[in-house]
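In the form predicted alone, a lone chain appears below as structure tokens.
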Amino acid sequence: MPDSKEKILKTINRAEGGDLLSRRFDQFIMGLILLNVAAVIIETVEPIYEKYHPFFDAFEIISVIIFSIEYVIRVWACTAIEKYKHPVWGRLRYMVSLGAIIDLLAILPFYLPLVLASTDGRILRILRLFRLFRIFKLGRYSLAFNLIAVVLKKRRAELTVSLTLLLMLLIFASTIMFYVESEANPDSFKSIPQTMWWGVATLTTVGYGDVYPITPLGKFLAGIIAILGVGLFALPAGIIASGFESELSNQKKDKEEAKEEE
């Protein structure tokens, strides 16, 4: 039985090497996920949904059946992995892992309305939109998603520092701007939390223009804060770009070494 579980896991996990069956399964699931995301988007166009809703409903049922079977198989076969080998506690540990939670969220929006028959219509619409969680399943099969996860994990310390600096600047800028502008412009700067909306728009240089300072001092400070925002918001982008370059370089080096060994 363990051997059969290992074979099943090898097939349904991301293909490694030349395993044709595993590659075909990856391609099938990735295609199904992308079609589901497309269906969620297209369904919001009322004329299309009204005309083709039987097709959308049938496609949703078929997709949920496939994803549900995949989830059950993963829970059943996970005991072939050393850290999940206990038949009960191992499966429970697997079920609270990130990958298993994403798999569960991919099918849960379909089953909840069946259990909660009296659910409000607005909640049902939100639950249907939660099907977009299926796109995160791509992380298990896509090398690109896997690369993103690796980079974020390796650079989490630098990203944490840069995001902390951004948060500190946002609080500092919003607090100063509130005290400078609240008397002259009380409708736009009623409180520090409300002023944070201006801070986010300014620091990101989006500048929606719905909230802006009107005093000379406020305008002067806003200019300085905007300049600081350009520099600080470039930090996370630079860290991530550097991480991608380093990881791609390492992968290329590993492939070259593997070829030399062969």
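In case it trips you up, residue 1 is the first one in the sequence shown, and so on. These numbers were taken from a predicted model, which means no experiment stands behind them.
Omitted here: the form predicted together with a further copy of the same chain. The next part is about that form.
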Among 67 to 75, 172 to 180, 100 to 108, 80 to 88, which stretch has residues with heavy atoms no more than 4.5 Å from a further copy of the same chain in the predicted complex? 172 to 180
Find out whether any non-hydrogen atom of Val45 is located within 4.5 angstroms of a further copy of the same chain in the predicted complex, and reply yes or no. yes
Whether Trp197 contacts a further copy of the same chain in the predicted complex should be assessed with a 4.5 Å heavy atom distance threshold; does it? yes
Can you tell me if Leu20 lies within 4.5 angstroms of a further copy of the same chain in the predicted complex, counting non-hydrogen atoms only? no
Check whether Thr205 has any heavy atom within 4.5 Å of a heavy atom of a further copy of the same chain in the predicted complex, and answer yes or no. yes
Are all three residues Phe28, Leu35 and Leu114 in contact with a further copy of the same chain in the predicted complex, where contact means a non-hydrogen atom within 4.5 Å? no
Using the arrangement in the predicted complex, list in sequence order the residues of 225 to 239 with any heavy atom within 4.5 angstroms of a further copy of the same chain. Ala226, Ile227, Val230, Gly231, Leu232, Phe233, Ala234, Leu235, Ala237, Gly238, Ile239
